[in-house]
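Quick heads-up: it's one chain on its own, the form predicted on its own, in structure tokens.
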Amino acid sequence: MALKDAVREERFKVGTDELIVLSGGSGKPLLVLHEELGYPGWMKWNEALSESRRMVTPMYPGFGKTPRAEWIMNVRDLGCMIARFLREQHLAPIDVIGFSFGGWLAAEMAANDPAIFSRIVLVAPAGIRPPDGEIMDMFTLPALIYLRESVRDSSRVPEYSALYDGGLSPAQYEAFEDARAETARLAWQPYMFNPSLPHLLEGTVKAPTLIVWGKEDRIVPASAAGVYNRAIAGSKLVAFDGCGHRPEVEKSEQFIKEVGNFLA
């Protein structure tokens, strides 16, 4: 993955707070909103899209090296902070791709300011309570088990061992715990969803939207996909067979094709 080493780390001031942002690739900017365990690393899909897109990945306050911002108490607050960063850097409107918690964040931002995104890709987003099944509680099991549960069969996912650089270093264990602590602050009650979100999205979000899900998702049940699809008028839903919560690595070729064509 040649461009992995070319990912740049920059520090920005957003009001009185600091935001660390990773940037890689070249071309039209693409906002990447990471999941609840933090930034998973530069994967095959990043490499493919970076040929024509400059990926901009903010590390949320309390995740990775970005200091916690005590005033951020929920996902809506976090979305307002990221939106301010986009406006101050003259990046809005921007295409966005959000994964799991990051997908929820993208949806909250779009509901709050429909003009901030030009195209939206939501990958197995949390944020809406599934009508069938429950969102997996990440605090009842170790981070590495939660990570393993995010794919249907880790032995059949070539990139699984590359997620979070394998997830086994002491530094990564500490990063997992920091991410879990911050996720608890923002999304504990109710756990990982906003009861208002489907109503806020209805009739509000006008940007073309692609929703991508794995039919065998054990983290956020795929029944939530239909709620998102109905709430965002005109959105397209793509659901992969034999796939869990990470279609970007479990079905990377199909994922790259679908997302690449949508963003082209």
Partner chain sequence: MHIMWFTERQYHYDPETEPDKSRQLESAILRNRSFFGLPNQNFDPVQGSMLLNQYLDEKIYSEELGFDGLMLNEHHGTPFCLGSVMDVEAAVLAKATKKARIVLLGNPVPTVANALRLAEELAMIDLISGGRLVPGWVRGAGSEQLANNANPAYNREYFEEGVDFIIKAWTTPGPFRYEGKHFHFRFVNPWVVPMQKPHPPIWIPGLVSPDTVVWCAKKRFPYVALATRLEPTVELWNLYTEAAAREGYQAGPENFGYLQPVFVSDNQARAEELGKRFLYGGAFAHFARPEWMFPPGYNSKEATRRMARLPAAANLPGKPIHEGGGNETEEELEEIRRGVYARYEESKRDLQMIAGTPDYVIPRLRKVLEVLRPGVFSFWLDGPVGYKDRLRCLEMLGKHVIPAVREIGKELGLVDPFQRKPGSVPLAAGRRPEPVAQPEGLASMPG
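It should be emphasised that the depicted structure is a prediction, and the values quoted were computed from it without experimental measurement. Numbering follows the first chain given and starts at 1.
Omitted here: the form predicted in complex with the partner chain. The next part is about that form.
J.: Which one of these stretches, 205-213, 46-54, 66-74, 28-36, sits within 4.5 Å of the partner chain in the model of the complex when only heavy atoms are counted?
T.: Single hit among the candidates: 66-74.
J.: Is residue 155 close enough to touch the partner chain in the model of the complex, meaning at least one heavy atom pair within 4.5 Å?
T.: So residue 155 does not count as contacting the partner chain.
J.: Report yes if any heavy atom of residue 178 sits within 4.5 Å of a heavy atom of the partner chain in the model of the complex; otherwise report no.
T.: Close contact exists here: in the model of the complex, residue 178 approaches the partner chain to within 4.5 Å, heavy atoms only.
J.: Mark residue 159 yes when one of its heavy atoms lies within 4.5 Å of a heavy atom of the partner chain in the model of the complex, and no otherwise.
T.: No.
J.: Is residue 115 close to the partner chain in the model of the complex, meaning a heavy atom pair under 4.5 Å apart or at it?
T.: Looking in the model of the complex, residue contacts with the partner chain do not include residue 115, since no heavy atom lies within 4.5 Å.
J.: Contact check in the model of the complex: 144, 148 and 167 versus the partner chain, with a cutoff of 4.5 Å between any heavy atoms. Do all three pass?
T.: Judged in the model of the complex, 144, 148 and 167 all sit within 4.5 Å of the partner chain.
J.: Since exactly one of 136, 92, 80, 163 fits, which has a heavy atom within 4.5 Å of the partner chain in the model of the complex?
T.: Among 136, 92, 80, 163, a heavy atom within 4.5 Å of the partner chain in the model of the complex occurs only for 136.
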